[in-house]
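First comes one chain, alone, set out as structure tokens in the form predicted on its own.
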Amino acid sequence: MRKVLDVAIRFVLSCTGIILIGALPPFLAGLQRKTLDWGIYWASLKEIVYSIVHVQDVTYMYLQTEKPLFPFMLEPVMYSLSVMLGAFVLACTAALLMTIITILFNYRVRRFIKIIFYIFESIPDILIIFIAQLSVIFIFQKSGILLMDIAALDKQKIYLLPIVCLSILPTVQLFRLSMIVFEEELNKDYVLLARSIGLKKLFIVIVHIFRNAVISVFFQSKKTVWFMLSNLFILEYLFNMGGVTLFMMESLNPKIFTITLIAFFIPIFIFYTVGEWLIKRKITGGESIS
């Protein structure tokens, strides 16, 4: 019961934070006139809360036509979530595979690989997207084979290249994080004991270290999701995707912005809440994880 209450409190506080931020634009607009009118902020807050309570009555202007926000809003939200989820799964899988392979090398080789990834992490995401699109065009010019769509046309939905581009830098981040966690586990007593009785390093890494390290990687991956969110706008803009960030930019309405952001936040909150519950139940037997 206490855990359910904790989850409920975290959810309410998170939604409250989104609402408080969503009401800021009209308030901050007063800075241009060098005035801050708290009455405008309060009125904006009341309008947002009223819209959330009566969400079925909220409308949205699309091509000079008034449409109900639901279910129109769900399409861009689900599109962006599917791209993010695909990129996140791809990044986690690639990072863990590379970590398992790298951890098998000696210290000097591992250090060299980590330096390369450290340099690679500094590459701007916009440059990665640009290089990926140019590479697809170059291959098409040379072979006549279009490996994947480089931009969406009209209401077309593209997935493969956006997912690959969005996953590259998170893969690097998760790889560096995984290497730290795996190397910490490598020096623990149970690993030294396993090696002393003759178990192979690959067996120890996959069977013992992986199970313990993946817990820390999962919890630390929240930062990676926030990083992916920050890159989502650039991605959707450059690929002309009809995702959630461009949907919010088109409306520029505090209540539309807030409701859309909450709708986008809820699946991510559920994903991590269920993930934490499963990890504690299946791996640690329900004990709290520090």
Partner chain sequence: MKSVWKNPFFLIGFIFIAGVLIASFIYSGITNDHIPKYRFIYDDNGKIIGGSPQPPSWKSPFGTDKGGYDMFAKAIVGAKYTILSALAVGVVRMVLAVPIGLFLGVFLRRKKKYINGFVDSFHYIPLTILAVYLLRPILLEPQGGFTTTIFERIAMEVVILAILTVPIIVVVIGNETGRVAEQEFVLCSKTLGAGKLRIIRKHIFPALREKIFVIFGQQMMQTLIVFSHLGLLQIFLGGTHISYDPWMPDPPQSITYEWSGLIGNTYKLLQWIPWVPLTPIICFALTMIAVSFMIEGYVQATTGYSHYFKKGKGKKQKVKELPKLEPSPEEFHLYQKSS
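Numbering follows the first chain given and starts at 1. It should be emphasised that the depicted structure is a prediction, and the values quoted were computed from it without experimental measurement.
One more form of this protein exists, namely the form predicted in complex with the partner chain; it is left out here, but the text below deals with it.
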Practice prompt. With heavy atoms only and a cut-off of 4.5 Å, decide whether T59 touches the partner chain in the model of the complex.
Written response: no
Can you tell me if I119 lies within 4.5 angstroms of the partner chain in the model of the complex, counting non-hydrogen atoms only? yes
L127, heavy atom within 4.5 angstroms of the partner chain in the model of the complex: yes
4.5 Å heavy atom contact, F269 and the partner chain in the model of the complex: yes
From V89, L134, I206, L97: within 4.5 Å of the partner chain in the model of the complex by heavy atoms is L134
As a check of understanding, the residue in R211, R111, K188, R195 with any heavy atom within 4.5 Å of the partner chain in the model of the complex should be identified as R111
Only one of 178 to 186, 73 to 81, 195 to 203, 157 to 165 has residues with a heavy atom within 4.5 Å of the partner chain in the model of the complex, and that stretch is 178 to 186
Checked 1 to 15 against the partner chain in the model of the complex; residues with a heavy atom within 4.5 Å, sequence order, are R2, D6, I9, R10, L13, S14
